[in-house]
Each structure stands twice: as structure tokens, then as C-alpha cells.
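One chain follows as C-alpha cells, the form predicted on its own.
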């Protein structure tokens, strides 16, 4: 099993599209960092214009590495599923396209092992992508902008809120958020892997995965009661941005922030359970379908 995984990781490392994802993340992050370094004060003044008199944080310190990472994650974690699909969507269909799938299955390994190895390799790629994102978005931002208390702009119901988290209460939240993102993106990898079984060209599974994510995301953001009750709870896209919950700090009855707390941990925990259930279901379907598939190429 370990030998198979090493071979699969070697294959991924040899594909040019693997590095497209890392280059794209680096480019987007650097553009954000340059823009905020050049004119971040204008953005901050716009966001704080409704609380100019009541907010007492030094605005020159509001744009710091922690704040930049949060802004970048809000943008990138919507786009990263496309990058994950580039690799996972090629797992089986790429082998079929090159004519190596039948040859691979003549080896003394089961189809279940093949599918599990493909999934593990896609998962490792996802983790590497997130680690690269953490280096670029968090570490590099801290080196450029420094560390200080972080502001969170949030819309809750009909109200706009600004949360302030002290700098000694932030880092663990990012570790937790990246861990949550790893689980969420693994769902995308499992979906792309499943779709790759049905194609002999990787373009189809990649496009299909992206389309499914887009459609489900749109449905997840439609505020219609019947959809809210009967559809949204079953869509994995309803939980992809659950990582934000780690930055919603709990408060006392008097409204004072409680350091080290979370506003709604049960909701975050349940979201993780649902995402893990999606991974298990998609992977199980992949194994069952692949074991019954006639390999013609």
C-alpha cells in the first residue's frame, strides 16, 4: 500500500497542472498583500466609517498579518476547490486516457486498494496546498504587516458587527480553521475522484466537479424557507465556510468578549460531522462503482 502511494505521489509531482495550483495561490496572495500595503488605509476607513467615533483601535495597526490572512482566506477558500479538482479529477480518468489503467489493474493489488491510494494521494495534495496557503497568507503576511489584534467584520441577521480578537488569542484559531478547511476540501477531492471513474478524459470530471460546487453554492445561499429546511442541510457547500466560526468569539451576558471562546462550537462540530459523512459516502460509492466498472481502456 505504501509503495502504491509513493508511486501515485510521484505521478502527481510529474504533472505540470500540480504546480499551477501553487503558483495561482502565490499570485493571488501577493496581489492582495501589495494592494493592502499600498492603500490598505482606504479600505479600513471605508469598513469603519460607521464607527469612526466609537471604535478605539489604532487604525494603523488594524491592517496586520492576522487581518490580511482572514481577508485572503475569505477569497481563496472559495476558489481552491477548483485547484483540488485539477488533481483529484484526473486520478482515474487520467490513467484511462493514457491507457495505463488496465495495466495497473493487472498488478496484484485490489481495486479497493487502488481507489484508496488515489484518495490518499488527493488528500495529501490538498494538505500540501493548504500548508502552502498558510505560509503565503499567514506567515508572509505577518512578516510584511506584523502582528496585532484582529478585526472581524460580520453580518449577523440585519446587523453589521465588528469583532476584535486580541493577538494572543488568534493563532490557535487559524490552526483550527485550516484543519476545518482540510476536511471541507477533502469532500471536493472525494467528489472529483468519484466523477473521474466515469470518464476517460480528465477535463470532464474537473468541469463537472466545479459545476456541482457552483450550483450547490448558489442553492446554499438562496434564502427560501423550503430550501432552508429541506435542501441546505444535505448540501456539503452549506458547510464549506464553517471555518469562520472559529473567529466568532463568545461573549458574556454584558457583551464582553471571552478570550479563548467560540460563539457556537456545537454548530462547528456538527458541520465537521456532516462533512466527514460526505467524505465517507463519496469514497464508499467510488470503491463500489470502481469495483464493478468494466475497464475498456
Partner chain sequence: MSVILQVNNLSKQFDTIKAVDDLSFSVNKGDVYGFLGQNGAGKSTTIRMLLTLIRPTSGSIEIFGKQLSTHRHEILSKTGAIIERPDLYKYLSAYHNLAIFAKMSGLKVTRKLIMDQLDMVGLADRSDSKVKTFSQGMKQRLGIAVALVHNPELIMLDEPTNGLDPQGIADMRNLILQLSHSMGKTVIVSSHLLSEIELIANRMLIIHKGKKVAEGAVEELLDPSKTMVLIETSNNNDALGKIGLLHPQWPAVIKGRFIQVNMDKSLVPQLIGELTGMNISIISVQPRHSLEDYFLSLTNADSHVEFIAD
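Values in this document were obtained by computation on a predicted structure and should not be read as measured data. Numbering follows the first chain given and starts at 1.
Beyond the structure shown, there is the form predicted together with the partner chain, which is absent from this document and is the topic of what follows.
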query	finding
Contact of residue 104 with the partner chain in the model of the complex (heavy atom, 4.5 Å)	yes
Non-hydrogen atom contact residue 211 with the partner chain in the model of the complex at 4.5 angstroms	no
Residue 111: touches the partner chain in the model of the complex, heavy atom cutoff 4.5 angstroms	yes
4.5 Å heavy atom contact, residue 148 and the partner chain in the model of the complex	no
Among 95 to 103, 67 to 75, 80 to 88, 140 to 148, the region lying within 4.5 Å of the partner chain in the model of the complex by heavy atom distance	95 to 103
Interface residues of 1 to 19 toward the partner chain, as seen in the model of the complex [heavy atoms, 4.5 Å]	3, 4, 6, 7, 10, 11, 14, 15
